[in-house]
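One chain is shown next in structure tokens, namely the form predicted alone.
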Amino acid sequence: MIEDEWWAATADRRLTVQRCRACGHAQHYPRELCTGCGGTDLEFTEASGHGTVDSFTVVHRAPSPAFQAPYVLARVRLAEGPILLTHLTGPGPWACDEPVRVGWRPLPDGRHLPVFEKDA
């Protein structure tokens, strides 16, 4: 599956985005086609790990016992352009347009989940 390469990079704590070799468009989540030009010549490139909070919400009632509330769910626009749906970690308060940088939450299988914290 196309997203396997993205997840494999997270094992090394590398945040990647797909980039179209034809038009240069960067995108996330991984797809078979470029959302900019429809091309299929795509590669994964390393992202800077910096972005800004586009939107966020504080979840006070978790959807299941697997999640510990409260937590902050956010859209982060990467410096490269794509938007990630992610968690914000660290102390608040949070605000839109706040600069953030990637951090990593380990997963049981050796991969890591990208989360974002305030960029000092």
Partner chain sequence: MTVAIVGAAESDLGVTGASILGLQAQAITRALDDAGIALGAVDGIATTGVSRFSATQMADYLGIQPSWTDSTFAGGSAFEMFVARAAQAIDAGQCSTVLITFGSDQRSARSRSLGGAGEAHTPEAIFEAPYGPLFPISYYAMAAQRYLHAYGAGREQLAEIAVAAREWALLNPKAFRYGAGPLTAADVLAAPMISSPLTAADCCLVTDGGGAVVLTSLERARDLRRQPVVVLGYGESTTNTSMTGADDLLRPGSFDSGRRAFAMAGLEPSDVDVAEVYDSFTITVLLTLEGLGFCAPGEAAGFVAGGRIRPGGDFPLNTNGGGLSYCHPGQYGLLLLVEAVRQLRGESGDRQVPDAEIALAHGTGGILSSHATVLLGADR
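Residue numbers count along the first chain shown, from 1. Quick caveat: nothing in here was measured; it's all calculated off a predicted structure.
There is another form of this protein, the form predicted together with its partner chain, and it is not shown here; the text below is about that form.
A.B. asks: Report yes if any heavy atom of residue 63 sits within 4.5 Å of a heavy atom of its partner chain in the predicted bound form; otherwise report no.
C.D. replies: Residue 63: yes, in contact with its partner chain in the predicted bound form.
A.B. asks: Does its partner chain come within 4.5 Å of any heavy atom of residue 75 in the predicted bound form?
C.D. replies: Residue 75 belongs to the contact set for its partner chain.
A.B. asks: With a 4.5 Å heavy atom cut-off, would you call residue 30 a contact of its partner chain in the predicted bound form?
C.D. replies: Contact with its partner chain, yes.
A.B. asks: Verify the contact flag for residue 57: yes if a non-hydrogen atom of it lies within 4.5 Å of a non-hydrogen atom of its partner chain in the predicted bound form, no if not.
C.D. replies: Residue 57: yes, in contact with its partner chain in the predicted bound form.
A.B. asks: What residues in 73-88 sit within 4.5 Å of its partner chain in the predicted bound form, counting heavy atoms only?
C.D. replies: Residues within 4.5 Å: 73, 74, 75, 77, 83, 84, 85, 86, 87.
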